[in-house]
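The data below hold one chain only, encoded as structure tokens and taken in the form predicted on its own.
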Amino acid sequence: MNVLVTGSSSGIGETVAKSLVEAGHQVVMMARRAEKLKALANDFNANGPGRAEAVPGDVGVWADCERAVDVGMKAFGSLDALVNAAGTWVEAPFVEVRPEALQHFIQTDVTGAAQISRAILPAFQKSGGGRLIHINGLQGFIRQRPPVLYAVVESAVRGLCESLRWEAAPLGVHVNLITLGAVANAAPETPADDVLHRDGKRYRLSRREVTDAILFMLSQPPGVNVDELILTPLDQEF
């Protein structure tokens, strides 16, 4: 399988890319941090039977999206899937969010999701199908609490997936959405117990657990669509 993974220089995207290469797949790794991305790709290539191709770029920049798809097509001959793990975060109350932070958040999480989807669809169409997976958060599903800006961008990504699913199906393209609760994204793949538990209760997911769910979505046969998978820790407080 040939997969484009965005946001693959850290967090969930890094773990997904690593797991795919370890399983013998070919991966286009796209992220903004060029040096780290290239170092990770070199490491994955040295240790896994698959192959990683580093393509530094920003999903919020159309030319970068086009280049990532073009590199994948030239390197591997086709692209079978997209895992869009690129994203950023703004914690401040909406009334305090700086305009530049607001614009950057929307450019990455909303414009980026739309652009990388649009960029890869012709490649899927050429090969007769593909699978598109976007990572989303609970505030796109339960819009009852702040951060407000997070609810805004995640609601937009949900709308993209729910609508694109119908348009893309005749092309043989599966559109999948994975909605996550709290994730220890900055921690190691399998972190210490106290990172995932608080007062003896599970309140965070690990990157590895999220990756396993994404690999399950990727493993489905053509014609089987995982419309949405919602993954949460049992004792998360919403």
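Start at 1 with the first residue shown and count on from there. Not measured: the values here are computed from a predicted model.
The following text describes the form predicted in complex with a small molecule, which does not appear among the structures shown.
Query raised in the report: Of the options V59, V175, V69, M29, which one has a non-hydrogen atom that comes within 4.5 Å of the small molecule in the model of the complex?
Result: Exactly one residue meets the criterion: V59.
Query raised in the report: Do all of D80, G130 and V226 end up near the small molecule in the model of the complex, with near meaning a heavy atom within 4.5 Å?
Result: No: none of D80, G130 and V226 comes within 4.5 Å of the small molecule in the model of the complex.
Query raised in the report: Do I135 and the small molecule come within 4.5 Å of each other in the model of the complex, heavy atoms counted?
Result: Judged by the heavy-atom cut-off of 4.5 Å, I135 is in contact with the small molecule in the model of the complex.
Query raised in the report: Any of the heavy atoms of A39 lying within 4.5 Å of the small molecule in the model of the complex?
Result: Because no heavy atom of A39 falls inside 4.5 Å of the small molecule in the model of the complex, the answer is no.
Requested in this report: Check whether N185 has any heavy atom within 4.5 Å of a heavy atom of the small molecule in the model of the complex, and answer yes or no.
Outcome: N185 belongs to the contact set for the small molecule.
Query raised in the report: Even though the small molecule is not shown here, does G181 get within 4.5 Å of it in the model of the complex, heavy atoms only?
Result: G181: contacts the small molecule in the model of the complex.
Query - Partner-facing stretch of 92-100, 69-77, 106-114, 158-166, counted where any non-hydrogen atom is within 4.5 angstroms of the small molecule in the model of the complex - result: Heavy-atom contact with the partner occurs in 106-114.
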